[in-house]
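The chain that follows stands alone, in the form predicted alone, written as structure tokens.
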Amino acid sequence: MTNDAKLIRITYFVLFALALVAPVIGLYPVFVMKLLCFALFACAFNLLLGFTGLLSFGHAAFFGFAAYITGYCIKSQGLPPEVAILAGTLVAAFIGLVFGLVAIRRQGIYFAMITLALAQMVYFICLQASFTGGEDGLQGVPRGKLLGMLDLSSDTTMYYVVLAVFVVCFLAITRIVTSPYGQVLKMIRENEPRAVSLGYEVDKYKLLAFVLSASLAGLAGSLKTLVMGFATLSDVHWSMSGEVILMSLLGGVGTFFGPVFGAGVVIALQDLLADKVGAWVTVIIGVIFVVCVLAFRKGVVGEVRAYLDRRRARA
């Protein structure tokens, strides 16, 4: 194992240890849970953009609609949280399958525009449907008891559940990308015609990646509803899709930790500045994004990785 690999593993271990003791050292559990939900959302998006090369402008549809489904199942149907989360994730996967079957027939900006148009359809469905609460959204969604035993009304208990889900999903994404399937996705990203010439059924690989990404985004939205206790139109609005793109680009697409870092920066800035500058927080985040794109074209984590690669090559 190289020194760089050891350093990365040590960094992950330190971050995981910090996450374990976060409630003990005074970090607000709800804030960290929100960060983890959006970090999972960004990781799901990065699986599609960073490792497959498909830019989606419609990921808010999976995140937001799953949030609504989970909230509705718990609040109106009285289902346990694990069933509601599973329902939200499965619905997101189904929507991802439908979107994917339509969108993967095109490439580049046409693919992006198709996903945006389909996501806007989902937005207007959420605006008009009775079970979503319209412009008011779903408010006061109870957390319930996980498996009938763990009382999720406790922020500490809920925090460790969210942390466990995030860690499992992060490791799953890592395994997917490093598997033979993930290597094919990277080849499609770098040179799709070459992948076709080698006999790979490219559309099937891209469709599966799209569904996996949609499922994880839906899981993030479902967890967010449990954590925050509500689901609103902002969760499914096109601006949410833009926000997750911002998180991924800020941290570094095509890296494992980049989306987590980007989500942490965006959520922290929103939390710190929202009550001080109001709507100007969007402008401030935009300026920071422009500066980072100009100074760190590969994202912050991407530039760090590139530096380590150059140092390894010189050695």
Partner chain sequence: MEIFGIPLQAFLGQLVLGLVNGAFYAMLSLGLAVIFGLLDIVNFAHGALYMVGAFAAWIMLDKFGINFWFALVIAPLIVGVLGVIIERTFLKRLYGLDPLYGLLLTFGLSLILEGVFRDQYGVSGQSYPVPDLLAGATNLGFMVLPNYRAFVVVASLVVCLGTWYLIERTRLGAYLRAGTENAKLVQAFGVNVPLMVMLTYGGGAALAAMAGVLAAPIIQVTPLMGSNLIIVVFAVVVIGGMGSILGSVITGLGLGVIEGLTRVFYPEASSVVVFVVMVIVLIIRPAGLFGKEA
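Numbering follows the first chain given and starts at 1. Note that the structure is a prediction, hence the values are computed from the model and not measured.
Below, we turn to the form predicted together with the partner chain, even though it does not appear here.
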| item | value |
| --- | --- |
| Answer option from 146, 79, 245, 165, heavy atom within 4.5 Å of the partner chain in the predicted complex | 245 |
| Contact test, all of 6, 23 and 304, partner the partner chain in the predicted complex, heavy atom 4.5 Å | no |
| Partner proximity in the predicted complex: residue 294 to the partner chain, non-hydrogen atom cutoff 4.5 Å | yes |
| Any non-hydrogen atom of residue 83 within 4.5 angstroms of the partner chain in the predicted complex | no |
| Interface membership of residue 32, the partner chain in the predicted complex, 4.5 Å heavy atom rule | no |
| Exercise: residue 128 in contact with the partner chain in the predicted complex, heavy atom 4.5 Å | yes |
| Sequence-ordered list of residues in 102 to 119 near the partner chain in the predicted complex, where near means a heavy atom within 4.5 Å | 102, 105, 106, 108, 109, 110, 113, 114, 116, 117, 118 |
